[in-house]
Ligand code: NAD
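Just one chain follows, in the form predicted alone, and it is written as C-alpha coordinates.
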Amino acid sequence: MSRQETVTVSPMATSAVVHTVPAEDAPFAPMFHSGSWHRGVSGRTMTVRAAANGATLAEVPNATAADVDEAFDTARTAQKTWAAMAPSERGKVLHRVADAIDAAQDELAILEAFDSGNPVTAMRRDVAKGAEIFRHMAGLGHLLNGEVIPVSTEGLHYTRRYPYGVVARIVAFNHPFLFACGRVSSAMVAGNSVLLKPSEHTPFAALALARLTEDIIPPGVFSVLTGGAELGAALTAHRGIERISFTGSVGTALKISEQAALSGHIKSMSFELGGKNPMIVLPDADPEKVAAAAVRGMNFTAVQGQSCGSTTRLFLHRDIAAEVMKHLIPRVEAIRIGRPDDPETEMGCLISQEAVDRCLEFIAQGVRDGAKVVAGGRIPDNPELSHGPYLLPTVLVDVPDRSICATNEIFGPVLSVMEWSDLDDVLQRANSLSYGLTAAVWTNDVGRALRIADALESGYVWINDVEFRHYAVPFGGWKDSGIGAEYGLDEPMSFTRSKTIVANYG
(Lines give C-alpha, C1' and ligand atoms only; values in the text may rest on other atoms or scores of the structure.)
Protein backbone atom coordinates (compact mmCIF):
# COMPACT_ATOMS: atom_id res chain seq x y z
CA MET A 1 0.00 0.00 0.00
CA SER A 2 1.41 3.36 -0.99
CA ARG A 3 1.75 6.21 1.46
CA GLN A 4 -0.31 8.17 -1.10
CA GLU A 5 -3.31 5.99 -0.34
CA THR A 6 -5.69 6.07 2.56
CA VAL A 7 -7.54 3.33 4.38
CA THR A 8 -11.21 4.16 4.72
CA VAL A 9 -12.21 4.15 8.36
CA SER A 10 -15.31 5.41 10.07
CA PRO A 11 -15.01 5.89 13.80
CA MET A 12 -18.46 7.45 13.51
CA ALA A 13 -19.75 3.97 12.67
CA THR A 14 -17.11 2.02 14.60
CA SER A 15 -16.06 0.31 11.38
CA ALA A 16 -12.73 0.01 9.62
CA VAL A 17 -10.95 -1.02 6.50
CA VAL A 18 -12.48 -2.23 3.37
CA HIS A 19 -10.55 -0.61 0.58
CA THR A 20 -8.20 2.25 -0.24
CA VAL A 21 -8.83 5.58 -1.91
CA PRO A 22 -6.59 8.49 -2.94
CA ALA A 23 -5.11 10.38 0.01
CA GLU A 24 -6.77 13.63 -1.05
CA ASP A 25 -10.12 11.93 -0.41
CA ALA A 26 -9.25 11.01 3.17
CA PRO A 27 -12.33 11.08 5.40
CA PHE A 28 -12.76 13.62 8.17
CA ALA A 29 -13.53 12.36 11.67
CA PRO A 30 -14.98 15.14 13.84
CA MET A 31 -14.52 15.27 17.59
CA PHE A 32 -17.35 14.91 20.08
CA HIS A 33 -18.52 17.27 22.79
CA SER A 34 -21.73 18.93 24.01
CA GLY A 35 -23.65 15.93 22.74
CA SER A 36 -22.74 16.47 19.07
CA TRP A 37 -19.88 16.26 16.55
CA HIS A 38 -17.61 19.23 15.81
CA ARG A 39 -14.96 20.24 13.29
CA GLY A 40 -13.29 22.57 15.80
CA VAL A 41 -13.38 26.32 16.28
CA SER A 42 -10.14 26.98 14.39
CA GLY A 43 -10.80 24.50 11.59
CA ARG A 44 -7.26 23.15 11.96
CA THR A 45 -6.78 19.42 11.39
CA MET A 46 -4.25 16.66 11.95
CA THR A 47 -3.57 13.64 9.75
CA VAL A 48 -3.76 10.28 11.50
CA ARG A 49 -1.94 7.43 9.81
CA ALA A 50 -2.06 3.67 10.15
CA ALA A 51 0.85 2.59 12.33
CA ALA A 52 1.66 -0.44 10.17
CA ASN A 53 2.22 1.27 6.82
CA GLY A 54 1.76 5.02 7.11
CA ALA A 55 -1.45 5.05 5.06
CA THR A 56 -3.71 7.97 5.90
CA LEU A 57 -6.63 6.92 8.07
CA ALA A 58 -8.43 10.24 8.42
CA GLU A 59 -8.16 13.90 9.26
CA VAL A 60 -9.23 14.89 12.79
CA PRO A 61 -9.61 18.30 14.42
CA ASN A 62 -6.54 19.81 16.06
CA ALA A 63 -8.40 21.31 19.00
CA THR A 64 -7.43 24.53 20.78
CA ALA A 65 -8.29 26.33 24.00
CA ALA A 66 -11.44 27.68 22.34
CA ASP A 67 -12.68 24.11 21.86
CA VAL A 68 -11.92 23.33 25.50
CA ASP A 69 -13.97 26.36 26.55
CA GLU A 70 -16.94 25.22 24.44
CA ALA A 71 -16.80 21.67 25.71
CA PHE A 72 -16.30 22.76 29.32
CA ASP A 73 -19.34 25.02 29.41
CA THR A 74 -21.69 22.24 28.35
CA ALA A 75 -19.92 19.66 30.49
CA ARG A 76 -20.26 21.82 33.59
CA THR A 77 -24.01 22.21 33.10
CA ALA A 78 -24.49 18.51 32.35
CA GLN A 79 -22.44 17.46 35.34
CA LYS A 80 -24.80 18.99 37.84
CA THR A 81 -27.68 16.85 36.61
CA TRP A 82 -25.44 13.78 36.30
CA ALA A 83 -24.13 14.15 39.87
CA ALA A 84 -27.67 14.56 41.20
CA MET A 85 -28.61 11.11 39.92
CA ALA A 86 -28.54 8.21 42.34
CA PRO A 87 -25.38 6.10 42.02
CA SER A 88 -27.53 3.15 40.94
CA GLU A 89 -28.95 5.22 38.07
CA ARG A 90 -25.49 6.25 36.90
CA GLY A 91 -24.54 2.58 37.13
CA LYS A 92 -27.39 1.61 34.81
CA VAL A 93 -26.02 4.00 32.19
CA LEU A 94 -22.55 2.44 32.45
CA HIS A 95 -24.05 -1.05 32.07
CA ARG A 96 -25.73 0.07 28.86
CA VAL A 97 -22.38 1.32 27.59
CA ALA A 98 -20.86 -2.08 28.31
CA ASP A 99 -23.61 -3.79 26.34
CA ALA A 100 -22.99 -1.49 23.38
CA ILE A 101 -19.26 -2.28 23.47
CA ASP A 102 -19.95 -6.01 23.48
CA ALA A 103 -22.19 -5.66 20.43
CA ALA A 104 -19.43 -3.88 18.45
CA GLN A 105 -16.48 -5.95 19.68
CA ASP A 106 -15.14 -7.18 16.33
CA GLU A 107 -15.37 -3.80 14.60
CA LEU A 108 -13.68 -2.06 17.52
CA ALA A 109 -10.83 -4.58 17.56
CA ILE A 110 -10.13 -4.09 13.85
CA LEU A 111 -10.22 -0.31 14.25
CA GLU A 112 -7.77 -0.64 17.16
CA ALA A 113 -5.38 -2.74 15.11
CA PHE A 114 -5.17 -0.23 12.26
CA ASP A 115 -4.97 2.73 14.61
CA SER A 116 -2.32 1.43 17.03
CA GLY A 117 -0.47 -1.37 15.23
CA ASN A 118 -1.35 -3.81 18.02
CA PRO A 119 -2.44 -7.30 16.87
CA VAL A 120 -6.17 -7.64 16.35
CA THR A 121 -6.42 -10.75 18.52
CA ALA A 122 -4.97 -8.90 21.51
CA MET A 123 -7.22 -5.94 20.81
CA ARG A 124 -10.30 -8.17 21.00
CA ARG A 125 -9.22 -8.93 24.55
CA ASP A 126 -8.76 -5.20 25.23
CA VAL A 127 -12.25 -4.42 23.94
CA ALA A 128 -13.77 -7.18 26.06
CA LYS A 129 -11.92 -5.86 29.11
CA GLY A 130 -13.22 -2.37 28.34
CA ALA A 131 -16.79 -3.62 28.64
CA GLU A 132 -15.93 -5.48 31.84
CA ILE A 133 -14.44 -2.34 33.36
CA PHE A 134 -17.60 -0.34 32.65
CA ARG A 135 -19.64 -3.04 34.41
CA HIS A 136 -17.22 -3.16 37.33
CA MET A 137 -17.21 0.61 37.80
CA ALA A 138 -21.00 0.70 37.48
CA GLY A 139 -21.29 -1.08 40.81
CA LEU A 140 -18.89 1.11 42.78
CA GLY A 141 -20.90 4.33 43.04
CA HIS A 142 -22.54 3.42 46.33
CA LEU A 143 -19.13 2.64 47.87
CA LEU A 144 -17.85 6.21 47.42
CA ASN A 145 -19.11 7.12 50.85
CA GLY A 146 -18.01 9.16 53.82
CA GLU A 147 -18.08 8.24 57.49
CA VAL A 148 -19.64 9.26 60.77
CA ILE A 149 -17.01 10.14 63.38
CA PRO A 150 -18.34 9.87 66.98
CA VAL A 151 -16.04 12.40 68.63
CA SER A 152 -18.56 14.05 70.96
CA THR A 153 -22.03 13.70 72.46
CA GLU A 154 -23.00 17.26 71.55
CA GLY A 155 -23.27 16.95 67.80
CA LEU A 156 -22.90 14.91 64.65
CA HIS A 157 -19.57 14.85 62.85
CA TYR A 158 -19.54 13.24 59.43
CA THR A 159 -17.91 13.40 56.00
CA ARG A 160 -19.37 13.16 52.50
CA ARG A 161 -17.74 12.66 49.09
CA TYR A 162 -18.47 15.05 46.21
CA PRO A 163 -17.35 14.93 42.55
CA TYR A 164 -14.89 17.52 41.29
CA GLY A 165 -17.16 18.58 38.44
CA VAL A 166 -15.48 18.58 35.02
CA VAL A 167 -12.28 16.52 34.90
CA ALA A 168 -9.65 16.01 32.20
CA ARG A 169 -8.21 12.63 31.37
CA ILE A 170 -5.22 12.39 29.00
CA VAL A 171 -4.32 8.87 27.85
CA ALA A 172 -1.50 7.11 26.01
CA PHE A 173 -1.41 5.30 22.66
CA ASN A 174 -0.58 1.73 23.67
CA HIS A 175 -4.04 0.59 24.86
CA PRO A 176 -6.31 3.22 23.27
CA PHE A 177 -9.72 1.64 23.81
CA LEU A 178 -9.00 -0.03 27.14
CA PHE A 179 -7.57 3.20 28.57
CA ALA A 180 -10.53 5.21 27.30
CA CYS A 181 -12.98 2.83 28.98
CA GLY A 182 -11.18 2.72 32.30
CA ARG A 183 -10.52 6.43 32.57
CA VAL A 184 -14.00 7.51 31.54
CA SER A 185 -15.99 5.03 33.62
CA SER A 186 -14.08 5.62 36.87
CA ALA A 187 -14.58 9.38 36.77
CA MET A 188 -18.18 9.21 35.57
CA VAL A 189 -19.37 6.80 38.24
CA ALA A 190 -18.20 9.36 40.82
CA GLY A 191 -20.50 11.97 39.28
CA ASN A 192 -18.07 13.90 37.08
CA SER A 193 -18.23 14.99 33.45
CA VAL A 194 -15.14 13.87 31.51
CA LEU A 195 -13.12 15.63 28.83
CA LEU A 196 -11.00 12.86 27.29
CA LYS A 197 -7.92 13.59 25.20
CA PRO A 198 -6.65 10.47 23.38
CA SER A 199 -3.14 10.30 21.99
CA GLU A 200 -2.77 12.15 18.70
CA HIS A 201 -1.45 8.84 17.28
CA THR A 202 -4.57 6.85 18.20
CA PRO A 203 -7.72 8.96 18.45
CA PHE A 204 -10.20 6.58 16.80
CA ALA A 205 -10.84 4.26 19.74
CA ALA A 206 -12.07 7.16 21.86
CA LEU A 207 -14.12 8.56 18.98
CA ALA A 208 -15.68 5.14 18.44
CA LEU A 209 -16.56 5.01 22.14
CA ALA A 210 -18.23 8.39 21.78
CA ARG A 211 -20.18 7.16 18.75
CA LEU A 212 -21.34 4.08 20.63
CA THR A 213 -22.47 6.08 23.65
CA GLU A 214 -23.87 9.32 22.19
CA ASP A 215 -27.44 8.06 22.68
CA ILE A 216 -26.68 6.47 26.06
CA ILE A 217 -24.63 8.96 28.08
CA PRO A 218 -26.38 12.32 28.70
CA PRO A 219 -25.06 15.10 26.40
CA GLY A 220 -22.04 16.87 27.85
CA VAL A 221 -21.11 14.20 30.38
CA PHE A 222 -18.57 12.56 28.04
CA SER A 223 -16.48 14.43 25.47
CA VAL A 224 -13.60 13.44 23.20
CA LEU A 225 -11.28 16.25 22.10
CA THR A 226 -8.60 15.45 19.52
CA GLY A 227 -5.31 17.28 19.23
CA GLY A 228 -1.71 17.46 20.30
CA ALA A 229 0.36 19.28 22.88
CA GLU A 230 -1.57 22.54 22.52
CA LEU A 231 -4.81 20.79 23.48
CA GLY A 232 -3.12 19.10 26.44
CA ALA A 233 -1.84 22.44 27.68
CA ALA A 234 -5.30 24.02 27.29
CA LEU A 235 -6.90 21.29 29.37
CA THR A 236 -4.22 21.55 32.03
CA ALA A 237 -4.38 25.33 32.29
CA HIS A 238 -8.17 25.68 32.27
CA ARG A 239 -9.20 27.26 35.56
CA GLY A 240 -12.46 25.36 35.73
CA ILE A 241 -10.83 21.93 35.47
CA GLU A 242 -9.67 21.08 38.96
CA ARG A 243 -8.86 17.39 38.46
CA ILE A 244 -6.41 16.10 35.84
CA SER A 245 -5.20 12.57 35.17
CA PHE A 246 -2.44 11.65 32.74
CA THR A 247 -0.98 8.37 31.47
CA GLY A 248 2.35 8.67 29.66
CA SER A 249 5.95 9.73 30.12
CA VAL A 250 7.69 11.34 33.08
CA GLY A 251 8.76 14.29 30.94
CA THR A 252 5.22 15.09 29.88
CA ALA A 253 3.98 14.74 33.47
CA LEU A 254 6.54 17.33 34.56
CA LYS A 255 5.29 19.69 31.83
CA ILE A 256 1.70 19.17 32.96
CA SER A 257 2.72 19.96 36.54
CA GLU A 258 4.41 23.16 35.37
CA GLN A 259 1.46 24.21 33.21
CA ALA A 260 -0.94 23.59 36.08
CA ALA A 261 1.17 25.75 38.37
CA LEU A 262 1.31 28.54 35.81
CA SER A 263 -2.49 28.52 35.59
CA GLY A 264 -2.52 30.13 39.03
CA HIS A 265 -5.03 27.59 40.28
CA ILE A 266 -4.42 24.58 42.55
CA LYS A 267 -5.34 21.30 40.86
CA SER A 268 -5.55 17.68 41.91
CA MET A 269 -3.40 15.56 39.61
CA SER A 270 -2.61 11.87 39.23
CA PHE A 271 -0.04 10.31 36.94
CA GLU A 272 0.60 6.77 35.71
CA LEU A 273 4.05 6.97 34.19
CA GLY A 274 7.03 4.93 33.07
CA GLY A 275 8.85 1.99 34.49
CA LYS A 276 12.06 -0.02 34.24
CA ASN A 277 10.65 -2.94 36.09
CA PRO A 278 12.71 -5.73 37.70
CA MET A 279 11.88 -9.43 37.68
CA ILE A 280 14.03 -11.19 40.28
CA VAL A 281 14.41 -14.96 39.86
CA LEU A 282 15.69 -17.08 42.75
CA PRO A 283 17.56 -20.35 42.13
CA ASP A 284 14.67 -22.59 43.26
CA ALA A 285 12.29 -21.32 40.54
CA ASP A 286 11.29 -23.51 37.60
CA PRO A 287 13.42 -22.39 34.61
CA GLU A 288 10.78 -23.17 31.98
CA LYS A 289 8.03 -21.33 33.86
CA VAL A 290 10.38 -18.39 34.40
CA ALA A 291 11.19 -18.23 30.68
CA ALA A 292 7.51 -18.24 29.74
CA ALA A 293 6.80 -15.54 32.32
CA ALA A 294 9.70 -13.38 31.15
CA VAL A 295 8.29 -13.37 27.61
CA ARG A 296 4.75 -12.70 28.83
CA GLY A 297 5.94 -9.99 31.22
CA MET A 298 7.55 -8.12 28.33
CA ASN A 299 4.18 -7.74 26.58
CA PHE A 300 5.80 -8.70 23.28
CA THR A 301 2.54 -10.17 22.01
CA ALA A 302 0.12 -7.46 23.09
CA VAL A 303 1.71 -4.07 22.56
CA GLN A 304 5.16 -4.92 21.14
CA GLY A 305 6.79 -4.18 24.49
CA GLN A 306 5.29 -0.69 24.53
CA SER A 307 4.03 -0.96 28.10
CA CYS A 308 5.07 0.91 31.22
CA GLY A 309 4.43 -2.23 33.30
CA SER A 310 6.67 -4.59 31.31
CA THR A 311 9.30 -6.48 33.33
CA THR A 312 12.18 -5.22 31.21
CA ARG A 313 15.00 -6.03 33.66
CA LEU A 314 15.33 -9.78 34.17
CA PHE A 315 17.60 -10.58 37.13
CA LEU A 316 18.51 -14.29 36.98
CA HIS A 317 20.37 -16.05 39.77
CA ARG A 318 23.69 -17.30 38.43
CA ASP A 319 22.83 -20.93 39.23
CA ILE A 320 19.72 -20.90 37.04
CA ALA A 321 20.54 -18.35 34.36
CA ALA A 322 21.79 -20.71 31.63
CA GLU A 323 18.82 -23.04 32.02
CA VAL A 324 16.33 -20.15 31.84
CA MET A 325 17.97 -18.76 28.71
CA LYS A 326 17.82 -22.19 27.07
CA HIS A 327 14.02 -21.95 27.24
CA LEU A 328 13.66 -18.19 26.82
CA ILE A 329 15.41 -17.59 23.49
CA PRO A 330 13.38 -20.16 21.48
CA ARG A 331 10.17 -18.72 22.90
CA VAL A 332 11.13 -15.21 21.80
CA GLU A 333 12.23 -16.35 18.35
CA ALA A 334 8.97 -18.27 17.85
CA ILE A 335 6.78 -15.17 18.22
CA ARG A 336 4.85 -14.58 14.99
CA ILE A 337 5.33 -10.99 13.87
CA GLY A 338 3.05 -9.67 11.15
CA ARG A 339 0.32 -7.29 10.03
CA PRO A 340 -1.84 -6.07 12.91
CA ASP A 341 -5.08 -7.04 11.14
CA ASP A 342 -3.99 -10.68 10.63
CA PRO A 343 -5.60 -12.95 13.26
CA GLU A 344 -2.49 -15.15 13.18
CA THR A 345 -0.22 -12.27 14.16
CA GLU A 346 1.12 -12.41 17.71
CA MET A 347 3.22 -9.24 17.56
CA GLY A 348 2.35 -6.22 15.47
CA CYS A 349 4.29 -3.03 14.79
CA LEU A 350 5.53 -0.19 16.94
CA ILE A 351 3.63 3.08 16.94
CA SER A 352 6.05 4.82 14.53
CA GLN A 353 9.35 4.57 12.72
CA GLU A 354 10.76 7.00 15.28
CA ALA A 355 9.97 4.43 17.97
CA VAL A 356 11.85 1.75 16.03
CA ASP A 357 14.84 4.03 15.53
CA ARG A 358 14.87 4.83 19.24
CA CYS A 359 14.91 1.13 20.13
CA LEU A 360 17.72 0.42 17.66
CA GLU A 361 19.76 3.26 19.15
CA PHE A 362 19.28 1.78 22.62
CA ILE A 363 20.35 -1.66 21.40
CA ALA A 364 23.44 -0.28 19.68
CA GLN A 365 24.44 1.66 22.79
CA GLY A 366 23.82 -1.42 24.94
CA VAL A 367 26.23 -3.40 22.76
CA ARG A 368 28.81 -0.62 23.05
CA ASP A 369 28.33 -0.81 26.82
CA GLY A 370 29.20 -4.52 26.78
CA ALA A 371 25.84 -6.28 26.31
CA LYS A 372 25.29 -9.06 23.75
CA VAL A 373 22.28 -9.51 21.48
CA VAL A 374 21.05 -13.13 21.69
CA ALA A 375 17.68 -12.66 19.97
CA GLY A 376 16.25 -10.05 17.62
CA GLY A 377 17.94 -6.68 17.65
CA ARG A 378 16.96 -5.88 14.07
CA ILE A 379 14.04 -5.33 11.73
CA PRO A 380 12.34 -8.45 10.28
CA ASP A 381 13.49 -9.94 6.97
CA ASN A 382 9.91 -10.37 5.75
CA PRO A 383 9.51 -8.07 2.71
CA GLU A 384 5.77 -7.69 3.45
CA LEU A 385 6.75 -5.77 6.59
CA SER A 386 9.47 -3.63 5.03
CA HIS A 387 7.32 -0.48 4.83
CA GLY A 388 6.25 -0.44 8.47
CA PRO A 389 7.80 0.20 11.90
CA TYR A 390 8.48 -3.43 12.76
CA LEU A 391 11.19 -4.69 15.10
CA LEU A 392 11.96 -8.23 16.17
CA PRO A 393 11.55 -9.00 19.88
CA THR A 394 15.00 -8.51 21.34
CA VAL A 395 16.95 -10.03 24.22
CA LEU A 396 20.21 -8.58 25.55
CA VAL A 397 22.43 -10.49 28.01
CA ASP A 398 25.38 -9.42 30.16
CA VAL A 399 23.88 -5.93 30.38
CA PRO A 400 26.00 -3.76 32.72
CA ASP A 401 24.08 -1.94 35.45
CA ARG A 402 25.44 1.36 34.13
CA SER A 403 24.14 0.78 30.58
CA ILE A 404 21.19 2.86 29.41
CA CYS A 405 19.53 -0.45 28.55
CA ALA A 406 19.50 -1.19 32.28
CA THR A 407 18.58 2.29 33.49
CA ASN A 408 16.29 3.96 30.91
CA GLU A 409 12.79 3.04 29.81
CA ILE A 410 13.05 1.97 26.17
CA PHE A 411 9.30 1.51 25.65
CA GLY A 412 9.78 -1.18 23.05
CA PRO A 413 10.45 -4.92 22.65
CA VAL A 414 13.86 -5.00 24.34
CA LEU A 415 14.53 -7.25 27.35
CA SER A 416 17.72 -6.74 29.38
CA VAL A 417 19.03 -9.82 31.22
CA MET A 418 21.41 -9.55 34.17
CA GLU A 419 22.76 -12.08 36.66
CA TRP A 420 23.09 -11.97 40.44
CA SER A 421 24.34 -14.09 43.34
CA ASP A 422 23.73 -12.00 46.50
CA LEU A 423 20.11 -11.18 47.44
CA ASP A 424 20.85 -7.93 49.26
CA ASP A 425 22.88 -6.76 46.28
CA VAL A 426 20.21 -7.55 43.70
CA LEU A 427 17.57 -5.78 45.78
CA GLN A 428 19.78 -2.71 45.86
CA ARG A 429 20.20 -2.95 42.08
CA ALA A 430 16.49 -3.41 41.54
CA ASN A 431 15.67 -0.36 43.68
CA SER A 432 18.47 1.86 42.38
CA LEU A 433 16.47 3.63 39.65
CA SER A 434 14.07 6.56 39.90
CA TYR A 435 11.27 4.33 38.60
CA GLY A 436 9.04 2.22 40.82
CA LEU A 437 6.01 0.96 38.91
CA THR A 438 5.98 -2.85 38.88
CA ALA A 439 8.25 -5.67 40.01
CA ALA A 440 8.13 -9.47 40.12
CA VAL A 441 9.79 -12.13 42.24
CA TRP A 442 9.95 -15.83 41.40
CA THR A 443 10.63 -18.43 44.11
CA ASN A 444 9.00 -21.39 45.84
CA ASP A 445 9.93 -19.99 49.26
CA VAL A 446 6.80 -18.12 50.35
CA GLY A 447 8.40 -16.37 53.30
CA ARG A 448 11.32 -15.14 51.24
CA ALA A 449 8.98 -14.02 48.46
CA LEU A 450 6.95 -11.91 50.87
CA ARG A 451 10.07 -10.33 52.37
CA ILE A 452 11.39 -9.48 48.91
CA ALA A 453 8.01 -8.02 47.90
CA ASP A 454 8.14 -5.79 50.98
CA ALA A 455 11.67 -4.65 50.12
CA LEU A 456 10.98 -3.76 46.48
CA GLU A 457 10.33 -0.04 45.94
CA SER A 458 7.48 -0.52 43.50
CA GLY A 459 3.78 0.19 43.64
CA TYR A 460 2.71 -3.19 42.21
CA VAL A 461 4.53 -6.47 42.87
CA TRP A 462 3.82 -9.93 41.48
CA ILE A 463 4.91 -13.14 43.20
CA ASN A 464 5.30 -15.99 40.70
CA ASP A 465 3.34 -14.02 38.13
CA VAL A 466 3.76 -11.12 35.69
CA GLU A 467 1.68 -8.74 33.57
CA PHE A 468 -1.79 -9.71 34.82
CA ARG A 469 -3.68 -6.79 36.36
CA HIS A 470 -7.26 -7.00 37.55
CA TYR A 471 -9.40 -3.89 37.42
CA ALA A 472 -10.65 -4.56 40.97
CA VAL A 473 -7.10 -4.07 42.32
CA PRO A 474 -5.42 -0.63 42.47
CA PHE A 475 -2.45 -0.09 40.16
CA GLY A 476 0.01 2.76 40.64
CA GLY A 477 3.68 3.60 40.90
CA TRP A 478 6.19 4.92 43.39
CA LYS A 479 8.87 7.54 42.82
CA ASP A 480 8.93 8.86 39.23
CA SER A 481 6.48 6.18 38.12
CA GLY A 482 3.48 8.13 39.24
CA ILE A 483 1.12 9.60 41.79
CA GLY A 484 -2.17 7.95 42.73
CA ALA A 485 -3.68 4.69 41.58
CA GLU A 486 -5.81 3.38 38.76
CA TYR A 487 -8.55 0.76 39.07
CA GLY A 488 -9.87 -0.73 42.29
CA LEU A 489 -11.94 1.58 44.46
CA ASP A 490 -8.99 3.96 44.67
CA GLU A 491 -9.47 5.41 41.20
CA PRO A 492 -13.14 6.45 41.38
CA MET A 493 -12.59 7.61 44.98
CA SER A 494 -9.80 9.88 43.77
CA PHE A 495 -12.32 11.65 41.55
CA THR A 496 -14.23 12.79 44.62
CA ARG A 497 -13.26 15.18 47.39
CA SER A 498 -14.24 15.06 51.02
CA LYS A 499 -16.34 17.56 52.95
CA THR A 500 -16.63 17.48 56.75
CA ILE A 501 -19.97 18.52 58.23
CA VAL A 502 -20.46 19.24 61.95
CA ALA A 503 -24.02 19.59 63.24
CA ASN A 504 -24.43 20.80 66.81
CA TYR A 505 -27.45 19.34 68.57
CA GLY A 506 -28.10 22.74 70.15
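A residue's number is simply how far along the shown sequence it sits, counting from 1. Since we're looking at a predicted model, the values are computed, not measured.
This protein has a second form, the form predicted together with ligand NAD, left out of what is shown; the following refers to that one.
Chemist: Residues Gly228, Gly232 and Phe475 are flagged as a possible site; in the predicted complex, is every one of them within 4.5 Å of ligand NAD by some non-hydrogen atom?
Modeler: Yes, the whole candidate spot contacts ligand NAD.
Chemist: Please pick out the stretch from 296-304, 96-104, 245-253, 119-127 that is in contact with ligand NAD in the predicted complex, where contact means heavy atoms within 4.5 Å.
Modeler: Checking each option against the 4.5 Å cut-off leaves 245-253.
Chemist: Looking at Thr311, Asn174, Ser186, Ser193, which is the one with a non-hydrogen atom within 4.5 Å of ligand NAD in the predicted complex?
Modeler: Comparing distances to ligand NAD in the predicted complex, the residue within 4.5 Å is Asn174.
Chemist: Considering ligand NAD in the predicted complex, which of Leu57, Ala440, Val68, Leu437 comes within 4.5 Å of it through any heavy atom?
Modeler: If I apply the 4.5 Å criterion carefully, the residue I get is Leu437.
Chemist: For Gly274, is any heavy atom within 4.5 Å of ligand NAD in the predicted complex, or not?
Modeler: Yes, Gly274 sits close enough to ligand NAD in the predicted complex that at least one of its heavy atoms falls within 4.5 Å.
Chemist: Taking ligand NAD as it sits in the predicted complex, is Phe179 in contact with it (heavy atom to heavy atom, 4.5 Å or less)?
Modeler: Flag for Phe179 set to yes.
Chemist: Report whether the minimum heavy atom distance between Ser199 and ligand NAD in the predicted complex is within 4.5 Å.
Modeler: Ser199: yes, in contact with ligand NAD in the predicted complex.
Chemist: I'd like to know if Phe222 sits close to ligand NAD in the predicted complex, meaning any non-hydrogen atom pair within 4.5 angstroms.
Modeler: Looking in the predicted complex, residue contacts with ligand NAD do not include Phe222, since no heavy atom lies within 4.5 Å.
Chemist: Counting only heavy atoms, which residues in 95-131 are within 4.5 Å of ligand NAD in the predicted complex?
Modeler: The stretch 95-131, when checked against ligand NAD in the predicted complex, contributes no residue at the 4.5 Å heavy-atom cut-off.
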